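Consider the single chain below, provided in structure tokens and representing the form predicted on its own.
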């Protein structure tokens, strides 16, 4: 069975090469897979693909692989896959749930503390030799209200950690499972000092945090997004920040991030960027200059422990799909 692994990091190559079943014929590629990726004809007869969230598997890409039976995602979300095409062509899609619940939740608070305690400004003041205690004064998390949008496995971890900081918590989810303080989204936006986005991206959550939603937030609110960039309207957020309508934003994900080149110096695909994404990039670049904004390169998941869980779950998905005794699978319902 032939599987093509794209967006492969060294830790993945080493780990998978050692543990993948002998009946599997793996091929590893460093680059992402999307409509502009060159694919040698000899690989087009593969049985399966395995990709990270940075790849984009639309119908144009998937239609090239005539024998494709499985897609093994090395991530939780599957918004980067054309599920309609997969359903119509009997392609089974698997994800890796629950690999980084603690990892991502911890990162939410790493961002919250970095921004609220003005840590980047403090470092800069040391470098410049210009220390001003007044401009470096932060705020406590204790007794503040954390609003959690999306109470899945990660959202529940965020709530637990927030309680550990002595924070009050408001929760919003379309499915109200568990004994949490669920409120409507408008109430959460109006009352929260910190807002953590932990919901999946779908048509209902796309641009959920738009100009109207942001206008309901407190002026001292800090928005944290470790879910998917498209949940937040970039342009609306930028104007809210420069007009001091909210206090700050910490983003580990941004809109159109799949179009960012892995290295600006090696970027040769700029002409292929969608027009709408060029506009998003403009506002993202402007936000990077703001002192009350932190943007990191989608690394909330990126710990040694979480990475190994991803690979173990992926191996179980592969093995069970090809009827090899290894473990249970995680089929995405399409």
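Not measured: the values here are computed from a predicted model. Positions refer to the first chain, counted from 1.
The same protein has a further form, the form predicted in complex with nicotinamide-adenine-dinucleotide (NAD), not shown here; the description that follows concerns it.
Asker: What is the one choice in 214, 169, 104, 222 with a heavy atom within 4.5 Å of nicotinamide-adenine-dinucleotide (NAD) in the predicted complex?
Answerer: Contact with nicotinamide-adenine-dinucleotide (NAD) in the predicted complex is made by 104 alone.
Asker: Looking at 253, 81, 189, 250, which has any heavy atom no more than 4.5 Å from nicotinamide-adenine-dinucleotide (NAD) in the predicted complex?
Answerer: Contact residue from the list: 253.
Asker: Among 122-130, 227-235, 84-92, 135-143, which stretch sits within 4.5 Å of nicotinamide-adenine-dinucleotide (NAD) in the predicted complex, heavy atoms only?
Answerer: Correct option: 227-235.
Asker: Does any heavy atom of residue 116 come within 4.5 Å of a heavy atom of nicotinamide-adenine-dinucleotide (NAD) in the predicted complex?
Answerer: Because no heavy atom of residue 116 falls inside 4.5 Å of nicotinamide-adenine-dinucleotide (NAD) in the predicted complex, the answer is no.
Asker: Any of the heavy atoms of residue 300 lying within 4.5 Å of nicotinamide-adenine-dinucleotide (NAD) in the predicted complex?
Answerer: Residue 300: yes, in contact with nicotinamide-adenine-dinucleotide (NAD) in the predicted complex.
Asker: Is there a heavy atom of residue 242 no more than 4.5 Å from a heavy atom of nicotinamide-adenine-dinucleotide (NAD) in the predicted complex?
Answerer: It does not: once nicotinamide-adenine-dinucleotide (NAD) is placed as it appears in the predicted complex, residue 242 has no heavy atom within 4.5 Å of it.
Asker: Flag residue 198 as yes or no: does it have a non-hydrogen atom within 4.5 angstroms of any non-hydrogen atom of nicotinamide-adenine-dinucleotide (NAD) in the predicted complex?
Answerer: Residue 198: yes, in contact with nicotinamide-adenine-dinucleotide (NAD) in the predicted complex.
Asker: In the predicted complex, does each of 32, 57 and 64 have a heavy atom within 4.5 Å of nicotinamide-adenine-dinucleotide (NAD)?
Answerer: No: no residue has a heavy atom within 4.5 Å of the partner.
Asker: Given a 4.5 Å distance limit between heavy atoms, list every residue of 173-191 close to nicotinamide-adenine-dinucleotide (NAD) in the predicted complex, or none if there are none.
Answerer: In sequence order, 173, 174, 175 come within 4.5 Å of the partner.
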